[in-house]
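Subsequent text provides structure tokens for two forms of one protein chain, presented individually as structure 1 and structure 2.
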Structure 1
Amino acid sequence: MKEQLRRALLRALQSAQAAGDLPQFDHSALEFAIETPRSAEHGDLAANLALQLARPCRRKPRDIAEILVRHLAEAGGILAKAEIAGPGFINFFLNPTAWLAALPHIMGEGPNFGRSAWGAGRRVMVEFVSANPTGPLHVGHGRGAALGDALARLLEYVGCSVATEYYINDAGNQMATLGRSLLHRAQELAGSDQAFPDNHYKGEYIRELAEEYLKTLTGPAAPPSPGDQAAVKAAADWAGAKILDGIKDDLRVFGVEIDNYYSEQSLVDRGAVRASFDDLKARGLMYDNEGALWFAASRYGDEKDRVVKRSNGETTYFASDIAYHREKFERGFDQLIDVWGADHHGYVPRLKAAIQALGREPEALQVVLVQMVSLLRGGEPVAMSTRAGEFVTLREVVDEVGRDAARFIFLTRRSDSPLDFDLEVAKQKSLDNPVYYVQYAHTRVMSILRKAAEAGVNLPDPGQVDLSRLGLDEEVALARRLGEYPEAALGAAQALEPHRITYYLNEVAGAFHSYYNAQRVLGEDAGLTAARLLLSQAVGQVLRNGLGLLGVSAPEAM
């Protein structure tokens, strides 16, 4: 509806210019907002076009608004009236039929309703999860996985060319620690009484890996020593590959298919880190100090310069990240989106500084932060101890509550807000469960359609339905909400906020539940039945489309 009104306003501007009421000027780059007023007394929608035209037209905004309203006749039957308010806002009051007209359009577009070409030509890389391959994914990783996957779906939905990637941190000290942890457990299982180091990985998964590792050894010799560097490297490679296979399988079960798994070690082996150093040195942005190599990050807004190679010759994580993001741009991506844990917020300025130093705008990198998840059972916290290696895995949560519930609940709040995830609520088959609440609205639609078929009532041709039969306020309000879905999808994609879709679907489901409980869809009046069937069909279509953006199913029965 906003786009329809936007086009009508531009036609009114052209008409006013052709009539000589407003001066001619190039308005191809003209930008103005159409918003929903806070109070219904101010209309359905309001535009600030007259205020934006004040300078090029050299007229008072209110005078311009009056001229535009006179030339709005081409808006057709969608407008009941237009009023001028304040310094020159135009408030629009729409005919109810304007909202109802969205229903046949929704059914005509079907699964494509809501799609747009906003991002056409834009190549986007969404990197998410990227957990160290030193242990299975936990429930916190699940929130990042749901968010990253939903972002990729949203951006593709609005026209972007999207690729997803998992960055495997397999080149740091944590991998050596993994190898030593495995060998310590293997020696323990083989009868050694040597104490297990406190600063190593202690989870039960290490014991299970050690049991499997022992079966790969041949001959009577004891497991290699954790002090044997070659053995540690081999053990780390073996365990890392096993863990990564498990991570990939967990993500598949969670409904997440990553396009590419990118190894940090491969980045180092190819000399990409060294190449990025050479690039920044050529730009005069690297310098030596006390035997270490520094990047002049403070020149681009970071609070201080950053070490990229220590005096002992070891490169830092930051050095790999510079090379990795440089390589992403070399692959032809215009926009990089990284999904990180909120504890990495302080890392954002330095990476943005590196992006600028490489000749890109800072906005070419957008970092979406994900806050922690508090796992509850019946309102009580689920005890977890990171030090003891005890945590709830993503797979355990999915196995207990199901993929749909887990994904939907992870996306019910802004990613940078803490989230309470109650396992018992997620399992409930009641309207207290947020995903059940939305899915049940869809099953109600499908139930209506099945009953219509059983009664021999044919589904209406959307273009032949008498929409004027939908005269109830709740019918018009529901149609209006459905028509706003494309705007909701685009807004969620532009803001990188998939939780806006869960909010929207919750509102649509709530409106339909209320309508379903108050009104009969199938009745004796054929015309009214056809109109209400069309409305119900449109509800089902929008719910399916929106749930698909979240990677959640739309069941036909529950």
Structure 2
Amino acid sequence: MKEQLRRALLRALQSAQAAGDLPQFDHSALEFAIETPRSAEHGDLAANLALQLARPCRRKPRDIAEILVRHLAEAGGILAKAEIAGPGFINFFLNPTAWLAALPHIMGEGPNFGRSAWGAGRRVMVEFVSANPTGPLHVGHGRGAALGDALARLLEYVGCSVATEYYINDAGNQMATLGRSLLHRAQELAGSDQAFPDNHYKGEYIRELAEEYLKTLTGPAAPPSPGDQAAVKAAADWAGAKILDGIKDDLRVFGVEIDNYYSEQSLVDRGAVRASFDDLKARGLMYDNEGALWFAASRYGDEKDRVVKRSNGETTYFASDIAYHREKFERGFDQLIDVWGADHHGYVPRLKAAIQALGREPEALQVVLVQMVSLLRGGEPVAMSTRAGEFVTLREVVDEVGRDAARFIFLTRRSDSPLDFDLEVAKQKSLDNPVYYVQYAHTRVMSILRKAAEAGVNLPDPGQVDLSRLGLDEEVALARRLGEYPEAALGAAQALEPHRITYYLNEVAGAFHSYYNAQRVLGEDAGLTAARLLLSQAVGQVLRNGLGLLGVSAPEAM
């Protein structure tokens, strides 16, 4: 719709110039907007073209607008009238059928309505969660998981080729700490009264794992000492694998399927870290200082250079990250998206520096930061302390409130805004709970369709419906809103902001609830019933498609 008007306006501009009404100028850089005005008095759509032309034409915006409107040809019969208003806006009033035409189109496209080819040819990697396998996922990870998964779905929807990945930090110190924590607990269980070290993992899950681990051990000296390096390694490997299995299971229950789990250790073993060092050395971006190896990150906008290999020979996490992201590019991805906790934001400049050092544009890596989740119950904070190992796991939350509610609520805010997650609200079956509001609208549609079937009313053939029967303002407005869905999906994908879909769906649901309360769909008049059934079906279709983007179900009945 907007595109049609845009083309019509550009033709009018050319025609005005050809007729000498407006001066010639280079309008290759011309940018103007066609938008929906806030107030209905200002028409269905409005263009600011004349305002933009004021400078190059050196004429008053209103005069230009008048000339443009005079040269405006009929744009395919959709235009009822065009007016000039305010400082020089051109307001377009469209024939209602222009909006209603969206309805048969939506039903024709079905599940594909809203898809686009914007991202065709782009290979995108979305990396998310990537929690260390030292404990179960907590609520904060859940938010990252919901976001990353929705982003992947969105990007695929708009034509990108998308892969998802979970990076496992299994090569560093935390794994050794995990191994020692496990062995300490194992020794306690075997009767030792040695104090548990303060900086180790204290969670109850470690104790449970230790119990299980003891059963796997055979031999006279079990359980081994936390001072035994080989034993620590073995314990860490065992516990890490166990915990990772648990994480995968948590994600599966949450409805998140990740294409690939990528091990940091495998990266090291394969020599990828060394290869990335060689690459950077060849570019003259590495140097030795005080026994350590440094990457010259400050040359690419980071505030200082960074150590990649310590004087004791250990490579840093950053070194692994450089190698990992380098590999992502080598595997053919040209757009990398990382979902991180906001507490890591200080890390962004150095990784972007690394990307550039490897010869990529800084924009080839986009980092989406996710703010904290505060868990509440009935308005009261739920105590959580990662340090003491006491936190509410994602699994517990999903078990209590359900997958749909958890996912939807995680996506009701922009990701860089902190989120209050109230367990009681998430369980409520009312308007307080946004997911029910949207799902309930879908259920109502389904209920109407069931009712129609019971009454022996056949669903209409979308192409045969007389759209002019939908004469109410609210019907046109609803159809119009539905027609905006592809634009909403594309905008959300481009901005990497799935919460826009949440808001959009809320608006559609609200418009439908309102309509439903005021008008009857099923009635005596067969033509009117058919038209309203089509409208209802289209609402259902759009709600299904949109909820699908969020990974939330669209139930037939609740």
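Not measured: the values here are computed from a predicted model. Numbers given to residues start at 1 and step along the sequence of structure 1. For the two forms, the rigid core is made up of the largest set of C-alpha atoms that agree within 1.5 Å on superposition.
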Check: For this pair of chain forms, which number matches the form predicted together with the RNA?
Finding: 2
Check: Has the Cα of Glu66 moved 2 Å or more between structure 1 and structure 2, judged after a core fit?
Finding: yes
Note to self: Quick check: Ala495 between structure 1 and structure 2 - does its CA shift reach 2 Å or more after fitting the rigid core?
What the structure shows: no
Margin query: How large is the turn of the smaller rigid part against the larger between structure 1 and structure 2? Whole degrees is fine.
Written below: 21
Next item on the list: Mind pulling the C-alpha shift for Ala8 between structure 1 and structure 2, with the rigid core superposed, in Å?
Entry: 4.5
Next item on the list: After lining up the core, report the Cα displacement of Ala18 between structure 1 and structure 2 in Å, one decimal place.
Entry: 9.1
